[in-house]
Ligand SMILES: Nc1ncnc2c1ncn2[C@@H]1O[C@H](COP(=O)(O)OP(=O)(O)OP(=O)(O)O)[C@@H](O)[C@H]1O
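Next up: just one chain, as C-alpha cells, the form predicted alone.
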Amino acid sequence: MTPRQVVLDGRRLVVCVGSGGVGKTTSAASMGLWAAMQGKKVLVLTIDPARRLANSLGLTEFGNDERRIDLSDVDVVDGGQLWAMMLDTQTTFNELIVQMAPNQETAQRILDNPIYQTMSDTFAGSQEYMAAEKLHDVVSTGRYDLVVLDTPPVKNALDFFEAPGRLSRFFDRQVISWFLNPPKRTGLLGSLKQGTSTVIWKMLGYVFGHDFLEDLSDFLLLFQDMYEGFRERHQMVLKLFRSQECSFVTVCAPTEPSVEVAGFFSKELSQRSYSRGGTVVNQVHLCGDVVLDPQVLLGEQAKELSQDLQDWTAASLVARLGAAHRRLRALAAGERLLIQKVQSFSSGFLLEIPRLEGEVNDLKGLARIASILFDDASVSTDS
C-alpha cells in the first residue's frame, strides 16, 4: 500500500496518530491538501491547541464550523475542495446533547442541569472523546469524499482508542437504574441490601445535600432514554475504524520516545484489527555517506578570507565545521537505527520526510510536504 492508495482508493477517513511535536498536524494537512488537489472534497479536522494548522492554511478564524480554504495558490483538479475545522470540544458536546435528546425541552433541561454543567467540563475536556464523536457526524453525513483527522497530542496513547465508548460506559444502564430505581428484593438478604441502599442514599444526601441528589436524579432520568443512542454511536465509530474505508497513519520523529509511541500504536492498531496505512518518519536529518574533511575542502579558502583577522580564526572555523559534521553524522547514524526499528514493526508504507528549514506556514509549504509524501519513488512499502 502506498500513500496514494491510502488517500485515494476508497478511503473516507484517514486518522493520523502519534506523539506530539513530530509534525502530525502538518502531515494531516498535507494529505488533505494533496487529495483536494486531485479533485476530492476533503475536510481536515484538527484538535491541535497550538493552532498551527490555521496558520498553515491562512485562516484568521478557525472554530467548530467547517471553513473552506482558498486554493488559488496551488494547482487543483476540477471539483477539488479543502475544508478545515478546529474542534471546539464544549460546543461539540452541547451540540451532541441537542442532537441526541428526544426533544428541545429535554435538551435544554440537560444543558441547564448543574450536574451536566460540571460533568461536561470533564468530557468536553477529553479531546479524544469529542474527536470520535465529531468524526461520527462528519463522516456519516457523506458531505466529504475524505476526512483527515489530526488526533490530539498523546498523553495516554490508549485515550483515543477507548474514547468512542466512554460516554456509553459512563451512563451504563445498570448504573442509571441503581440511582433511579433501586431493585426491590425479598427475603432477609434482600432486605439487608435494600437497607444498605437506603443508608447509602442517606449518606450521600448528608455529604452532598439533598439538592445535589435531586439534580443527579433529574439528570440521570433525562439521560436514560438517550443511552441506546450513545451505545449505537459507539458501535458505529468502532465499525468505521475497522472498515476498509478507514486507514490509520502513524507519524513519528526519529527519537527514542517518539518511536516507542509509534511502536505502541502499531501494536494497538493490530490488536484492534484497524487498517494500518503506513508510517511517516518526520524531521529526519540527511547526511551523505562520504566523510568530509573540512581542512581539505575549505582550509585554503578560509585562510585566504581571514587574512585581515586573527591568525587562529581560519583554523578555529575549520575545526568547528569538522566537529559539526561529525555530530551530524553521528546523529544521522543514530536516527538510521531508530528508523530500522520502525521498519521492524510498521505495516504498509514507510516514508521519511527530511528536516526542513523554517516553519510550514502557508499552502505552498504544505504542497511541498505533500510532494514528498506522495512521490512514490521515495516510499518503501511492505504489503
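Residues carry their position along the shown sequence, with the first being 1. This one's a predicted model, so the numbers in the text were calculated from it and none came from an experiment.
Missing here is the form predicted together with the ligand; even so, the following discussion is about that form.
Though the partner is left out of this view, Leu331 does not reach within 4.5 Å of the ligand in the predicted complex, counting heavy atoms only.
Residue contact with the ligand in the predicted complex: Asn282 places a heavy atom within 4.5 Å of it. Using a 4.5 angstroms threshold between heavy atoms, Ile353 counts as touching the ligand in the predicted complex.
Among heavy atoms of Ile369, some come within 4.5 Å of the ligand in the predicted complex. Looking at 24-32, 332-340, 310-318, 37-45, the stretch with residues near the ligand in the predicted complex, meaning non-hydrogen atoms within 4.5 angstroms, turns out to be 24-32.
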